[in-house]
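Quick heads-up: it's one chain on its own, the form predicted on its own, in structure tokens.
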Amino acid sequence: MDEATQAEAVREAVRACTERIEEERSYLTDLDSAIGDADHGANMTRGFSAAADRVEGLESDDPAELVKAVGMALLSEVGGASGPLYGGSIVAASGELEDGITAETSVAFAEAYLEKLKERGKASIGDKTMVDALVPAVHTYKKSIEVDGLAPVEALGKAVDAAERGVAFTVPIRASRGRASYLGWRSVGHQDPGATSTLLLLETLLSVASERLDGEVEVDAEAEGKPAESDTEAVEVED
């Protein structure tokens, strides 16, 4: 795809993510009501609405610039910890797309996003945060492209599978980071809202990519213990 086509794909993805988050606003609020401040749905809706407005109003065909604009909007509009985690990490990773969106640069973006998010949130697998969904998703995406030789849309389907398992993994564990950690063992039995919104966004990106690339990807994941970084490696819980 040329630069202009990639820019329109970014805009389409942002519009679709904004609509999905708005649709799931009450669901995210309910999840956050159980173990957080009950504001995740509202914050994410406000942030993505601002992001959609910003990229639509930006006269640019540079996908990296548009992605950075999304991050800046989330950083300024999403309250709580999610703003810096989502927005700041997108801003930091957007530079990886300076040469356009390719299989190689998308992997670099995903890895940079994960690295910055973990640095900011200081969370690891098993802490009951969005990291439980994101780590296996990113590592699965990277392996699917670089080792298995899959096309990006197929690799993204595998990543969504991994993220679904990660979200399910958050339910039976005790929170060690974030607002939910204050509840101690009372956090057990509740699904993490940040991991859930991460999955929703990945599912939406997969839907947009599949339509644009005329691909159909089957997603069918079941939680089976701790989520894996890849199809063959288990994630070690950091101290």
Ligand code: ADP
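Since the model is a prediction, treat every value here as computed from it, not as a measurement. When you see a residue number, it is the position in the sequence shown, counting from 1.
A second form of this protein, the form predicted together with adenosine-5'-diphosphate (ADP), is not displayed here; the remarks below concern that form.
In the model of the complex, no heavy atom of R54 sits within 4.5 Å of adenosine-5'-diphosphate (ADP). Among heavy atoms of N43, some come within 4.5 Å of adenosine-5'-diphosphate (ADP) in the model of the complex. In the model of the complex, S89 stays away from adenosine-5'-diphosphate (ADP), with no heavy atom inside 4.5 Å. Within this chain, D39 lines the site of adenosine-5'-diphosphate (ADP) in the model of the complex, having a heavy atom no more than 4.5 Å away. Contact with adenosine-5'-diphosphate (ADP) in the model of the complex, judged by any heavy atom within 4.5 Å, is made by just one of A110, A123, L97, A155: A123. Just one of A73, I101, A81, V160 comes within 4.5 Å of adenosine-5'-diphosphate (ADP) in the model of the complex, counting any heavy atom, and that one is A81. The partner is not shown here, and in the model of the complex the stretch 1-23 never reaches within 4.5 angstroms of adenosine-5'-diphosphate (ADP) through any heavy atom.
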